[in-house]
Ligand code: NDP
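Taking the form predicted on its own, here's one chain by itself in structure tokens.
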Amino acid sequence: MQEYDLFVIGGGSGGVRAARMAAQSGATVALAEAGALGGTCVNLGCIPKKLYSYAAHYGEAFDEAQGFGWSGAPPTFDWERLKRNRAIEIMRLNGVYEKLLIGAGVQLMRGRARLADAHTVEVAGELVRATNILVATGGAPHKPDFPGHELAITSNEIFDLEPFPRRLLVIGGGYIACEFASIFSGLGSRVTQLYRGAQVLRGFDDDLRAFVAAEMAKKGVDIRLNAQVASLQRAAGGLRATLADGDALEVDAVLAATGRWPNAGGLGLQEAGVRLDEHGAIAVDDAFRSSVPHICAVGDVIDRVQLTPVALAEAMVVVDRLFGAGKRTIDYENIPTAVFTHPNVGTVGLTEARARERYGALRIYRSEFRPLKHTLSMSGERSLMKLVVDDASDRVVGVHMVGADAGEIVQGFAVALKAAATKALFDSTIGIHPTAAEEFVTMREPVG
């Protein structure tokens, strides 16, 4: 029986990073993956979603170009070409991941892995032994339970939907639901988004939530709050969604984007002594060790922060502890994130509500404006910038933005928050003019 220093279950971002880095440190490493390499991010998440977001923005760009002197025949959108080109790029990335693993000396095993015992893994009928095991199997979309829910699709199927949905119903108010609502609206679909709560993007800053919802509505997304589907059934030419209030919608497709659950089932974990928490995620300590210390887990399967860069950072902590100096840690404070709605959201640090709970007295700086580009584009899109400042220390503890390239802009300010920058430092920084980003260093008067 082949023996390894580390066996990785799952070929997504966290698993591939751990396998590569461990192998490069001199460890013997194997990785099992039943599907395409790259995990959710590469195949069914971040990458294809961002490509589709770019595609949707081109529809706006053609309209906006007229204000800048460009004219011509209205363009047409080819859904099949977009899907085909996306698939080619994803296949290229799958190949890149495979080359990285093989080049690092990782033994790649194709097939679903399952623990036969605490040190033995079975893959496609083959048994291997491992001193350490890392579970990095990610998560999967969750559908709400209502009559006819099997007729809805998830974010896994949305990229290859056939035919293009002229009428799309999106269920959910999180970032995945909001992103796909924006994307398909931009591609030409008539989108209705239902969310059972009072406002979309729960957990984000309240000003940001209200602002981005209003901007999405400007672009044609019909957001219905405090609403949910009671049942779904087939109808002539599509689907009929009956809502809890008795209203009904005729649509071509229904996307259920109501959260993701950890992929921890069917792996033999509990039989090997690994404890799962009440949400079905693998319970781990600060070093990402499970209740069986040599079995570790990272990424969405531990359900801490469901972001690709976080999984990568967690993987590096594990590799450093097992095969390095054991000094690397991860700080979950001030993790920047973006939501690729139209317009984009970028945020890092505390929301105003959470900052008030932690610090008490705050100064809030808020600016809403029409970007320079749209003075000629004739678009009604507006941007929002917001700073949350602890009054006692003058430290900036939250940076929030809605606007074009918000993620690109906020990434740089995330470094400032990690460095504990004060508002005085922001004020002393010269802005780049004319840019939207300069607004963050030119806001001088706090709002009431």
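From 1 onward, residues are counted along the sequence shown. Bear in mind that the values here come from a model prediction, so they are computed numbers and not experimental data.
We do not show the form predicted together with the named molecule, though everything after this point is about it.
Undergrad: Check T351 for me: does it contact the named molecule in the model of the complex (non-hydrogen atoms, 4.5 angstroms)?
TA: No, T351 sits far enough from the named molecule in the model of the complex that none of its heavy atoms falls within 4.5 Å.
Undergrad: Flag F340 as yes or no: does it have a non-hydrogen atom within 4.5 angstroms of any non-hydrogen atom of the named molecule in the model of the complex?
TA: Output for F340 is yes: heavy atoms within 4.5 Å of the named molecule.
Undergrad: At the 4.5 Å heavy atom threshold, is G268 in contact with the named molecule in the model of the complex?
TA: G268: no, not in contact with the named molecule in the model of the complex.
Undergrad: Is there a heavy atom of Q107 no more than 4.5 Å from a heavy atom of the named molecule in the model of the complex?
TA: Although the named molecule is absent here, Q107 would stay clear of it in the model of the complex, with no heavy atoms inside 4.5 Å.
Undergrad: Run the contact test on Y365, D391 and S393 with a 4.5 Å heavy atom cut-off to the named molecule in the model of the complex and return yes or no.
TA: The answer is no: none of the three residues contacts the partner (heavy atom, 4.5 Å cut-off).
Undergrad: If you check G188, G280, G148, G259 against the named molecule in the model of the complex, which one has a heavy atom within 4.5 Å?
TA: None of the others qualify; the residue that does is G259.
Undergrad: Since exactly one of Q306, T154, S377, T120 fits, which has a heavy atom within 4.5 Å of the named molecule in the model of the complex?
TA: Comparing distances to the named molecule in the model of the complex, the residue within 4.5 Å is Q306.
Undergrad: Among 81 to 89, 285 to 293, 98 to 106, 189 to 197, which stretch sits within 4.5 Å of the named molecule in the model of the complex, heavy atoms only?
TA: Of the options given, it is 189 to 197.
Undergrad: If we check the named molecule in the model of the complex, which of the residues in 202 to 239 reach within 4.5 angstroms of it by a non-hydrogen atom?
TA: R202, Q228, in sequence order.
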